[in-house]
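To begin, one chain is listed below as structure tokens, in the form predicted on its own.
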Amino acid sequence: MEPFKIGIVGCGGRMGRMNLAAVAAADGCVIAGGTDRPESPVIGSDIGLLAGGEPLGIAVGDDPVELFAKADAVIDFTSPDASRRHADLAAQAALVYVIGTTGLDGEHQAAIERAALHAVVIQAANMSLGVNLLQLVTEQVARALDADYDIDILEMHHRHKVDAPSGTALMLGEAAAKGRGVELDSVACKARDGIVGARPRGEIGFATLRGGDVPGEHSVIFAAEGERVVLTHKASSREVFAKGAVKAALWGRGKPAGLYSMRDVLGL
């Protein structure tokens, strides 16, 4: 079988470089190319060097159209507006599109769902095995414990992260709400400030921390009179997200068009 050609959009960023390195290290695939913003200082750089390895003779470009045309799969951890444009390209190319971008609104998500009519789209706010197991366990615990247990989701990321709460925190909130049989939007509290009064029964709260170089830490806290249950995942390196994204891309090879999650990839 021919090596699976995987391209990386946003390859000059922290996750983009990690994704390049993960593709280069994985069996059964090769780097098809990479793109970044036209004003990025990495444009024209050798992708192999950007990935921390030997030169590959492939320069970083600024035209995602060309990349989507020649790749078998594209991994995207960019920005909501960029991912909306990339989703259209994925639909046209009918390839495997792995998206880990967070902070999406309804229009962004609608574009991704339209792309899934023609492409294999694998979308997850977090690509790591541990977080997806945490999501599953959170749903099960929320189903087992009634509303006497208050639920809060605490997350911390590096100082450069632009969206809050994190996509993973919201994913965990959705899992908790699903376990409770409610819609997250109807019970979520994403900020508390001032005299807010007693906590409503059944509320799912979020707390956000930003600082340093933390790749990602998430805790789901179930607190009742006399006890607390705390489920926690801590990522010490972005490598776990990149490995998960490559695993997802390889899993998508030959699959029918549709919208999939990491729980599909991991068989959860």
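The shown structure was predicted, so the numbers you read here are calculated from the model rather than taken from an experiment. Numbering starts at 1 and runs along the sequence shown.
Just so it is clear, the following notes concern the form predicted in complex with nicotinamide-adenine-dinucleotide, a form of the same protein that is not shown.
Undergrad: Looking at His118, Lys190, Lys161, Arg180 here, can you tell me which has any non-hydrogen atom within 4.5 angstroms of nicotinamide-adenine-dinucleotide in the model of the complex?
TA: Looking at the other structure, the residue within range turns out to be Lys161.
Undergrad: Each of Arg14, Thr78 and Thr101 within 4.5 Å of nicotinamide-adenine-dinucleotide in the model of the complex, by any heavy atom, yes or no?
TA: Yes: each residue has a heavy atom within 4.5 Å of the partner.
Undergrad: What stretch, of 201-209, 31-39, 66-74, 226-234, brings heavy atoms to within 4.5 Å of nicotinamide-adenine-dinucleotide in the model of the complex?
TA: Residues of 31-39 come within 4.5 Å of the partner.
Undergrad: So, in the model of the complex, is Gly252 in contact with nicotinamide-adenine-dinucleotide at a 4.5 angstroms heavy atom limit?
TA: Close contact is absent here: in the model of the complex, Gly252 is far from nicotinamide-adenine-dinucleotide, nothing within 4.5 Å, heavy atoms only.
Undergrad: Please tell me whether any heavy atom belonging to Met127 falls inside 4.5 Å of a heavy atom of nicotinamide-adenine-dinucleotide, as the geometry stands in the model of the complex.
TA: Flag for Met127 set to yes.
Undergrad: Should Ala82 be classed as touching nicotinamide-adenine-dinucleotide in the model of the complex when contacts are defined as heavy atoms within 4.5 Å?
TA: Because a heavy atom of Ala82 falls inside 4.5 Å of nicotinamide-adenine-dinucleotide in the model of the complex, the answer is yes.
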